[in-house]
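To begin, one chain is listed below as structure tokens, in the form predicted alone.
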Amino acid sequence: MSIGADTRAATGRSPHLARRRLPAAEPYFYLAPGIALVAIVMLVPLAVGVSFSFQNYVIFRPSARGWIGIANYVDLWSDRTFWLALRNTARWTFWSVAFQLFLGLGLALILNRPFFGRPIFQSLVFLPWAVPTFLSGLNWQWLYNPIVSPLPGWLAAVGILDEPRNILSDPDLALYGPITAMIWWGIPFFAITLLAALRSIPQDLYEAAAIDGASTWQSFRHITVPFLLPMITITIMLRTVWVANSPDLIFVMTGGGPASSSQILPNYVFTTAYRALDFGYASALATVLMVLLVIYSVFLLFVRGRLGQ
């Protein structure tokens, strides 16, 4: 027996085993640069931002900078604007996502049926998604102006308003202006994703249900909805996170006013950081929003996992 054979017999290993392990580990070598880039671009700034929330970090007071523990989070409890912004964020997100879901689902059901001119209609329906949010905000701001737009007059004619006026200047109604703009802008996203899910449902199921005498509502309830639920859950999660983190429309249309009546947390973070220049307190606000959205996302993923069983 040769020396190499004696060595392999003594160690119980073969060079062929090492060659087999190398290809198995090869994908991880290709992924390593991407993972490292994500860690540098996302995780490092995230850690730095969270660390700011435990510091007194005001740009105009460099001598007062330092570690203050949870003092910024304690200040949140007595901050009236924070609680108002938190409630507004919940209202802004809930109504925007709820109407986007129901209107987007209805639009997807319509587009899933063949009719004359469907490609043209489908292109027009998806047009709002291609418009930048900044431009959408400007357009809707003009639409609510009673001097240049007929919309306030129409709202008064149907009894929604007591007179033609700009609801963006009303503290009780100002938030509903950006909510309407966000619904209009976000409907195509739900329509696109749910339309793709609808077209993946086997048509044989509908044919079998029709043969068994099922009505259109029964087919929708027992076939369409169960197939769409996983996609609906993940789409709601994505849109909720995006809408809750989207201050663009509110910033353009109301600036968070009047009297902070349309202020949401992302707007409050922006004004605290770049107008008051208090990056420590702004980081605490952003961290609270991040934690709430992470908890919400984990819950929805858990629900989606249960639905997928």
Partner chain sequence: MAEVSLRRVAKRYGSFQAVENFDLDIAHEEFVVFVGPSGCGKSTTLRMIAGLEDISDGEIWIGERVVNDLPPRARNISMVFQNYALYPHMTVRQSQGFGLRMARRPKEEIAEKVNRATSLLGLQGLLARRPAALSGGQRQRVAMGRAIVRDPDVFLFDEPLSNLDAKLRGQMRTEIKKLHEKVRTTVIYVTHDQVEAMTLADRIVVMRDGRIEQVGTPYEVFHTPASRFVAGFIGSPPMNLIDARIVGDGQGGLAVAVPGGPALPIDPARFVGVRADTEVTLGLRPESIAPEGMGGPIERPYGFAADIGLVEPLGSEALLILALGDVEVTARVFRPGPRLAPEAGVRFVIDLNDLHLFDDTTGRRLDRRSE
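Remember, predicted model here, so these are calculated numbers, not experimental data. Residue numbers count along the first chain shown, from 1.
What follows is about the form predicted in complex with the partner chain, which we do not show.
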Item to complete: Report the stretch among 205 to 213, 173 to 181, 94 to 102, 71 to 79 that approaches the partner chain in the predicted complex to within 4.5 Å, counting heavy atoms only.
Response: 205 to 213
Discussion item. Using a 4.5 Å heavy atom cut-off, which residue among 223, 138, 90, 84 comes into contact with the partner chain in the predicted complex?
Written reply: 223
Discussion item. Please determine whether residue 189 contacts the partner chain in the predicted complex, using a 4.5 Å cut-off between heavy atoms.
Written reply: no
